[in-house]
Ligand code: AGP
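Just one chain is shown here, as structure tokens, and it is the form predicted on its own.
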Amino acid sequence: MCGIVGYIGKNNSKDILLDGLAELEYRGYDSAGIAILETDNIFHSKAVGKLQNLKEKTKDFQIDAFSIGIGHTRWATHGNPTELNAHPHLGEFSYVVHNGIIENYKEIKDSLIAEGVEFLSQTDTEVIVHLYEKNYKQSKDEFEAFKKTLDSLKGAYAILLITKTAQDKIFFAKNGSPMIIGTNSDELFFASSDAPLLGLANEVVYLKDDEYGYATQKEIKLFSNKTPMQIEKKPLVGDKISAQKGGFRFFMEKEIYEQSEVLSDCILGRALDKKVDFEELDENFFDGITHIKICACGTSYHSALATSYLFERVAKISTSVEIASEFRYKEPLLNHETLFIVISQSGETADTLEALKMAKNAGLKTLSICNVDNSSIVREADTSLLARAGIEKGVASTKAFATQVMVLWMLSLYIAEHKKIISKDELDSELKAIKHIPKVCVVKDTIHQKIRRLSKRYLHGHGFFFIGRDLFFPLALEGALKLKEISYLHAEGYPAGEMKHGPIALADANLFTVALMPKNLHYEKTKSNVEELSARDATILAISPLEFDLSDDFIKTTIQEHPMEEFFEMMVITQLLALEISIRLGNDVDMPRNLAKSVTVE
């Protein structure tokens, strides 16, 4: 989740690039940078933190002559948010900006290092510029070198590259990450969304995957699979907020669709071929730890509760989960063999921050899972793992929850490896499932359309039960929370096996039960519980890969091999269900009443 801009023209390229980055700052604000090529000189500047820091740093630089420039605002994925890791990345005579993931960057980097190339950053992006310059030195042809570089890359990317040897061109490529070209009579622009182009460009070219080429002030050369492509320009219309939403009705909807991408970012450099690696953790970090206590609030609490099953099942380590607002006042007993983990999207959650301080004062080792680097919780904890979800504008968290669960799942495997209690075959199976999750979370249009149609039947009644067992009980809690946050309908998450201990008294035709029925985890037990509700005339919406005859409505999921694959697929469905019900009720999905994105009060 980063933002790219580019410019070719005779106006003030610095201001155009910075203004464009300001429109994309919702995509990332860990760091930003620009590079401008004018005749034989390249001006470049980078700054950590908000874009204002870069504006201040470049305030004395002005250019009014013809130039080409690229810019980038970053949300850290691989490598910490530092100036060295900020884009653009430089070689001897070229600069590059990049969104996405170069999956084989390690192999390319090792090969280049063996040839004497020196790297400055920890990022996957830097390999692009060094590989390009290597190819150029061999061919002395910029476009051939660029094509050969693309042929070597595996993964998703949007790339802009400028070089001193082609002072009027920007080379570009798109595969899996957004890239748009904007034009007017004598200028050309690049951006990750429409927003930076509004008011500047008259027409736009929406690049498709596997398209690449180069552009000058007067022309665009576009190719796909080495074949020249026709340029299809469309009029640019819309407003900046709509452009930031990328065509979606709400930021929350956009963020549900982004989960596949951010989960790919989340596992980058962590889920490797044969192991899980967290560069942030010292190899002795878990020495002496016999218990884990996780503390969080709201959605983060649900991610903790779900993965507590994995810590005990996979890592074989005793794990307890606390609600931060309760933990603070219960006079807890803490011992030094406990690792205290806190989870927060914003890193500023007041109750979670105070619980962290309590644990530190008691001498416990602490770890935070957070989405915002340099936040209060990240600064306070001994060590932190970033969720890499990108900026989340919708108040009701979606992609932050997904990435929290993923980080904790990988952490359970990391601990299991550290304790040497997981076999090679088991680890291979877990890593295979982890790498498949981004595909699982791709929103299928057929599923979304079905949920949109179903939603009109769930606008009344006296409430919802979301039920599940094992890992799917916390997912039921989260599904219920999403629905009540944005629809204002009463919803409750419950363990499926507990319904008969009281809640089943509420069952009637106006009680809606959303039943999470995974094939790979306690299916028959859950089915039996749902049958009990059906016998009391409750309205059943079953979510399962297996047909359930007693359901009133049924959403069929994919047959998966691993319970966590089912978990993530059902997560997306419950999020979409909450979204579509709320839209039908006419609610502002992104800004639900009485709620705030960052809860900084007790």
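Each residue number is its position in the shown sequence, starting from 1. Bear in mind that the values here come from a model prediction, so they are computed numbers and not experimental data.
Keep in mind that the form predicted together with this ligand is missing from the display, and what follows is about it.
Contact here is defined as any heavy atom lying within 4.5 Å of this ligand in the predicted complex, and by that definition not a single one of 515, 557 and 574 is a contact residue. The closest non-hydrogen atom of residue 182 lies beyond 4.5 Å of this ligand in the predicted complex. Residue 345 belongs to the set of residues with a heavy atom inside 4.5 Å of this ligand in the predicted complex. The shortest heavy atom separation between residue 395 and this ligand in the predicted complex is within 4.5 Å. This ligand in the predicted complex is not approached by residue 177, whose heavy atoms all lie more than 4.5 angstroms from it.
Here the chain stands by itself, but in the predicted complex one stretch of 299 to 307, 286 to 294, 135 to 143, 354 to 362, 299 to 307, has heavy atoms within 4.5 Å of this ligand. Shown without its partner, this chain lists 262, 481, 215, 158 as candidates; in the predicted complex, only 481 has a non-hydrogen atom within 4.5 angstroms of this ligand. Only one of 94, 349, 99, 73 lies close to this ligand in the predicted complex, with a heavy atom inside 4.5 Å, and it is 349. Along 35 to 60, no residue reaches a heavy atom to within 4.5 Å of this ligand in the predicted complex.
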